[in-house]
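First comes one chain, alone, set out as structure tokens in the form predicted alone.
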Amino acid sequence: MYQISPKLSKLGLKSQVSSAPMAGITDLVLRQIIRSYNSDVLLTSEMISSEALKINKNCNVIDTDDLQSPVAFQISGHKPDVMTIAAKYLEDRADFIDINMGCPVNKVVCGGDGSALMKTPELAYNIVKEVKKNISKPVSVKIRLGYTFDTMNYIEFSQLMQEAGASLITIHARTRKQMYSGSADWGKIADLMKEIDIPVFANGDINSIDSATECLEISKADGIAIGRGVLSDLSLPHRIDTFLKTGKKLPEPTLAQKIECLKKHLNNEITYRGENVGIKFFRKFYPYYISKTRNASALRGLLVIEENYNRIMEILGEINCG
């Protein structure tokens, strides 16, 4: 069993596990399903543009419910005043305000947001300091190892974030240049753990109980954040949390259980978004749910173009789960 860090307990957390933010993925519906398995893991919203929130405060990205807590709402941007306005607006919904300084995608980085902030540490410091000064909730920061291999500054950068008032760091153990290629270097996180006092969540390549425990052993981190690894198994955060607390290894879901979860997820998205939008929004999830089925590629090809709900259910019913 793994003992939860007193530093996490001090922040009100009861789990060493969090779901990492993923744009267009970790919406209210997905978070609700993860929460249905486990009441303790830290949930994180999709990345919310502070500039977009300034224009439209009714976007569904900020939706939540009474069962979400503990939940972090993640904001992106590079203007301290706009980021502060966004944080203040979201404060009542959140247990943490998370600031994105790790997103590597071009459309985010080109605007000076996400991991581009690791190239402007002084600006990043000012953002965290201003946000922290104006809200009562803890501020966390999501970062990477650095922008490139030659400019890895994650230790100095994290020290600066701590100085600015951050209460927690989540670090994806790749550089921005790597995007999601290669392997996450969990050993680098162990170096960081020696240099800062606030808790650290390790992120990158965590897709099973075994990889989670290996990551914790190598990184010495206080906890782990699961990103893409959750997409083929929404019970994974719960199974990892259970193992860390009790040593009990719950079985992986069977294919039949995954298909049932797929149906529930799809139906909930339809209820939330309406049938037409819900079906189209859900297309991105099929490859993960059916990846281990026979003829997965052919099935995916059918499902991602199908717009008729009854036909989707027919296709899913034809999958051999034996």
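Since the structure is predicted, the reported quantities are computational estimates derived from the model, not experimental observations. So that there is no doubt, residue numbering starts at 1 and follows the sequence shown.
The following text describes the form predicted together with a small molecule, which does not appear among the structures shown.
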| query | finding |
| --- | --- |
| The small molecule in the predicted complex reached by all of 47, 100 and 206, non-hydrogen atom within 4.5 Å | yes |
| Residue among 20, 303, 13, 17 with a heavy atom within 4.5 Å of the small molecule in the predicted complex | 20 |
| 133, 249, 88, 228 - the one with a heavy atom within 4.5 Å of the small molecule in the predicted complex | 228 |
| Partner-proximal stretch of 172 to 180, 212 to 220, 239 to 247, 156 to 164 relative to the small molecule in the predicted complex, 4.5 angstroms, heavy atom | 172 to 180 |
| Residue 312 within 4.5 Å of the small molecule in the predicted complex, heavy atoms | no |
| Partner contact for residue 299 in the predicted complex: the small molecule, 4.5 angstroms, heavy atom | no |
